[in-house]
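Okay, so here's just one chain, in structure tokens, the form predicted alone.
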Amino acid sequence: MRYQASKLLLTTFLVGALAACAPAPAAPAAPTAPPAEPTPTAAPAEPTPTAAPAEPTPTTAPAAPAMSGKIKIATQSPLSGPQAALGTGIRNGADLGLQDMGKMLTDMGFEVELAPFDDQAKPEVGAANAKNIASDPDILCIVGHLNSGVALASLPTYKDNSLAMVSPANTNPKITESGYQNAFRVVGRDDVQGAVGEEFARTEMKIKSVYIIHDKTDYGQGVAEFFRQQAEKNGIQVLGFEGTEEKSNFESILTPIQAANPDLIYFGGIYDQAGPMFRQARDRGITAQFLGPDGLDSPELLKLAGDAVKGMYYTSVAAPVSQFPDAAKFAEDYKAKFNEDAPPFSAQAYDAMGICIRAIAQAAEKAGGKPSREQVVQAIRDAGEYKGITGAYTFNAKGDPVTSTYFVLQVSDKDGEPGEVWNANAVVKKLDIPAP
């Protein structure tokens, strides 16, 4: 039994020992679990960070500041003195143009502003203003002037500073014949206007003799000279050719005219001289017909001369705003804003402003920011046709419109407020003539 017991104990020990060794093979199963942890490799699958390059906003943002800054467009015209009626109309027309079309620049990020200057119809004042305009780097274009003599005094400064001038009224040929690459105008020229007047006087008014008076300015004397040249060439007898700066008492001028008894008195100048002179001529019993250029194209002539100018003829490069169908809204807006009818040249100033704005916008787009004055001048030359409210304008190499419209008008004989009566003046002849 003791043997059997020992044997039993031994057997038990062996079984126990074997049993103790049995679990050992199960242990390797645990280490195989870690490879099943590929989770970290999922991280690259997170595309969210790659979205960051899709944020191009910072790259476009710098473009906005490049288009920021202030841009001014100046006007120069008489805002005081006897020619303020037309000069103020030029400023107001440009103001309306900036109001209507300035959005082209503000949408690009610029701040735009009108900078009006009063040249008082005096060359020396215009030239002094030109220096102030040139010293303001924000001024990139100029709408002006009314008087050719003032423009010619200012243009050297504009040229030296590469400033573009777009004139709504200057007609002297020297504006574009003097080599100013920065000078443009939207109206015709006096060498053509003088010839148009002479042809009308000779063929329609049946004039045989004329006495010519001018105001001694580049504009007035210039257009009078062109009228005389054509008259002498075509057989009209020129009984006198005289200049005067007199503004109120024309006794010494009218005495020889009365003695000469011409068929026609042609006056080269502005309404502020012509009005008193024509009235005094009628008061003296002078029966000659009157004729003059676009400097007479103002209701102020009617105020100054009264019935003396009812029915008279004059030539113009502008004409009443009522003659331009596309300017109907402009005429309404002008009266609503300034409480008066739009005077001659105000609609042309609106178009001159539009030409400035379009050129600045195109130059800014090309430059990628605020353009230089040189770039604006070049943009006007390169821009091609501009469709305005008074016509379509394409400039030739000199800065003249390729074709301009010239009018012969007759002062209305109606009664009423001068502005309304003037807008009723009849167009008796209209000619589209290429620039010389």
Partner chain sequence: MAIAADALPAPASRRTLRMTLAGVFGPLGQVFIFVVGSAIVLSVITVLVAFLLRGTRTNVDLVQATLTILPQVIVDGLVRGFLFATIALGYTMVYGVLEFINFAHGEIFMVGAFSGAALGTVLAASGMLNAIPPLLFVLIAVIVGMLVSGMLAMTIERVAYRPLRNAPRLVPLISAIGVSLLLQDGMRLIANVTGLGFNARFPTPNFGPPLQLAQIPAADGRTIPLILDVRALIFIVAATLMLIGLNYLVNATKLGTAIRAVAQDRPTASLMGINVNQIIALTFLIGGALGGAAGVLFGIRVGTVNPYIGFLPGLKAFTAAVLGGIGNIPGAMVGGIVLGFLEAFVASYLSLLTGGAFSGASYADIVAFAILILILIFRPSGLLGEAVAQKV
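Numbering follows the first chain given and starts at 1. Here the structure is a predicted model, which is why all the values come from computation and not from measurement.
Another form, the form predicted in complex with its partner chain, is not on view; read the next lines as being about it.
This chain is displayed alone, yet in the model of the complex one of 311, 156, 137, 82 has a heavy atom within 4.5 Å of its partner chain; that residue is 82. Screening 260, 128, 328, 205 for any heavy atom within 4.5 Å of its partner chain in the model of the complex leaves a single hit, 260. Mapping the unseen interface onto this chain, residue 88 falls outside it, with no heavy atom inside 4.5 Å of its partner chain in the model of the complex. Its partner chain is not shown here, and in the model of the complex it never comes within 4.5 Å of any heavy atom of residue 174. The shortest heavy atom separation between residue 253 and its partner chain in the model of the complex is within 4.5 Å. Taking non-hydrogen atoms only, residue 242 approaches its partner chain to within 4.5 angstroms in the model of the complex. Judged against its partner chain in the model of the complex with a 4.5 angstroms heavy atom cut-off, the residues 248, 300 and 306 are in contact without exception.
In short, of 359-367, 270-278, 194-202, 162-170 it is 270-278 that has heavy atoms within 4.5 Å of its partner chain in the model of the complex. Along 189-216, a single residue, 216, places a heavy atom within 4.5 Å of its partner chain in the model of the complex.
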